[in-house]
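Just one chain is shown here, as structure tokens, and it is the form predicted alone.
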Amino acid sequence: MHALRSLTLAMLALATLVACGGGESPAPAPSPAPEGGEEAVAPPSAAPLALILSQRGDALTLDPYDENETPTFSILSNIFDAIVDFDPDLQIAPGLATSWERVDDLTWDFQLREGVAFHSGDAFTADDVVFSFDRAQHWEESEAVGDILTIASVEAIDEHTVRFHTHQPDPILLRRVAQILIMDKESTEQAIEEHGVTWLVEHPNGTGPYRFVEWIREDHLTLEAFGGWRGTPTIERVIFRPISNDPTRLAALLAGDVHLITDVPVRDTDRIEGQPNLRLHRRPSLRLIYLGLDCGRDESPGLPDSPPNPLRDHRVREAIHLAIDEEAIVANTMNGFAEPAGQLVPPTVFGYNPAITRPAHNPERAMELLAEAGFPDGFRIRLDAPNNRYVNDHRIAQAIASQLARVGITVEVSARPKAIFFEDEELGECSMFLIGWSNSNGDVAGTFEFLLHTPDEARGLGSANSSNNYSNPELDALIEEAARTVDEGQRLEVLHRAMALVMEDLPQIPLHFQVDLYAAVSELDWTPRQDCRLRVMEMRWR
């Protein structure tokens, strides 16, 4: 163990002793009741002073537009706010804006909260919103630009009113703006001028319920409660401690070194449920695990005998779909902690088509289709996958390879660390690849616009279509029609047609939706969110 980590653990142990009465420090005082709500409950006197959470990975950055990654946003969502928020079930809720109205098809006005301050003490105003959206869209390193492509401009009408202009009618503008965390214009501009933009990576300044204290990369990141507009959190201090190794993360929980862990290995769920002082938390995830297929190139890097590329033939894609026994993968590889997918989004996402069901496993029909397509003896293909990103990702790939071998398709599994895999996939170096996708705003638009639309760099469409190489003008037209259809019923009908078309054409083969698994000490009162983010404001000691 590194000396720094040993020192950190020793300090955390001392803090816990003090909080438990081993020193002279008093127990945390009860928090004031939020306005209009019930009285806040203080932690019991024996509760730790700091809540210690362990995710599989550390934050990549504390600049909110620098990276778009779940563990990072779990931390950032405690420090920053958006003007529109999501409740735990991804329903729209007020954030830094208290209300909004559509002025016309291309214009929205938002009324902002008054009396809100950033952690630095600067007052929150409309200028901060204008600055944040401008930076999210136009900073050359921004990873947030894809979330707000429809926004043409944002202007301050007065100190607490902002007006959004869009390029076209946007039926999900509220869900789009909820992705953009608001930065302080004054302190951000000053920091960039004095220290350069990289200063923002380690010096966040938001309006959220917790303020930044310190960050020792790959060891711990500490936040403390901030008495902002949401009221004072009942948990005064939170420490995010990244532990990438699954057994080590679980061991830390069992030893009492951490209080909540994410990404519980499915093989360890019985062990956790057998511990009287621990609770297993589960929630059906938005994340789809699927196979992407190169539908567009005659010669493809993962097909050693191409051209021809068998995946260009719809019958081959259907054969692969029928040859995969997803029920067996869920039962044996995922220990039952997944849901077989019949389409590209779960029922909780707007755009789900209830008329579509997953076809039954049918290897005999799969072999017939391969023969009809001119591949009676199958073919050779490489299946690319990460080995440290999704639950049992490497084992899923191996299971698929075994199942496809039974219909004559010889699969070489190439599983590698996520950083290498994702770079290869984005460069178009894959032919068949295991990957995941989550529509974290609760709408199917992201799946269609980023993954399946013909690449259109000028409009930001198809930006995640690098290895799929899929292009279908009929689907493109439906995607674009849905993007400008404001009437919810009409838009849903268009999205249903689009999903039916995709599941008929099969450029991607849905496998299953993950179940998010967490384990926590029994004293922690908490319910997981649909978007996987760990908002400490929603936690309290029993």
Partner chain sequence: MARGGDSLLRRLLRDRAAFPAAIVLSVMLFAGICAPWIVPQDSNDPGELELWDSLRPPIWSLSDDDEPQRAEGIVYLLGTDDQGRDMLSAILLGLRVSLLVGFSVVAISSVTGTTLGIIAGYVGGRVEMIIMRIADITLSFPSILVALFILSLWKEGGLERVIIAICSVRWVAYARTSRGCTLSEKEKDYVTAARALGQRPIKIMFRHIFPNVLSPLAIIAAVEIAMVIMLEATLSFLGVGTPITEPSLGMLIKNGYEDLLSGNWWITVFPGLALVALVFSINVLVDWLRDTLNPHLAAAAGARQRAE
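Remember, it's a predicted structure, so these values are computed and weren't measured experimentally. Numbering follows the first chain given and starts at 1.
Absent from the display: the form predicted together with its partner chain. The rest refers to it.
Engineer: Choose from 277-285, 311-319, 438-446, 395-403 the stretch whose residues reach within 4.5 Å of its partner chain in the model of the complex, heavy atoms counted.
Structural biologist: That would be stretch 395-403.
Engineer: Given that the partner is absent here, does R416 sit within 4.5 Å of its partner chain in the model of the complex, heavy atoms only?
Structural biologist: Although its partner chain is absent here, R416 would touch it in the model of the complex, with heavy atoms inside 4.5 Å.
Engineer: I'd like to know whether E339 contacts its partner chain in the model of the complex, with contact meaning heavy atoms within 4.5 angstroms.
Structural biologist: Flag for E339 set to no.
Engineer: How about E327 - does it come within 4.5 Å of its partner chain in the model of the complex, if we only consider non-hydrogen atoms?
Structural biologist: Result yes; E327 sits at the interface with its partner chain in the model of the complex.
Engineer: Would you check, heavy atoms only and a 4.5 Å threshold, whether T333 touches its partner chain in the model of the complex?
Structural biologist: Result yes; T333 sits at the interface with its partner chain in the model of the complex.
Engineer: Scan D85, E186, E224, D424 and let me know which has any heavy atom within 4.5 Å of its partner chain in the model of the complex.
Structural biologist: By the 4.5 Å heavy-atom cutoff, the listed residue in contact is D424.
Engineer: So which of I420, A93, A371, V213 reaches within 4.5 angstroms of its partner chain in the model of the complex, heavy atom to heavy atom?
Structural biologist: By the 4.5 Å heavy-atom cutoff, the listed residue in contact is I420.
Engineer: Though the partner is not shown here, which residues of 254-280 have a heavy atom within 4.5 Å of its partner chain in the model of the complex?
Structural biologist: Contacting residues: R267, D268, R271.
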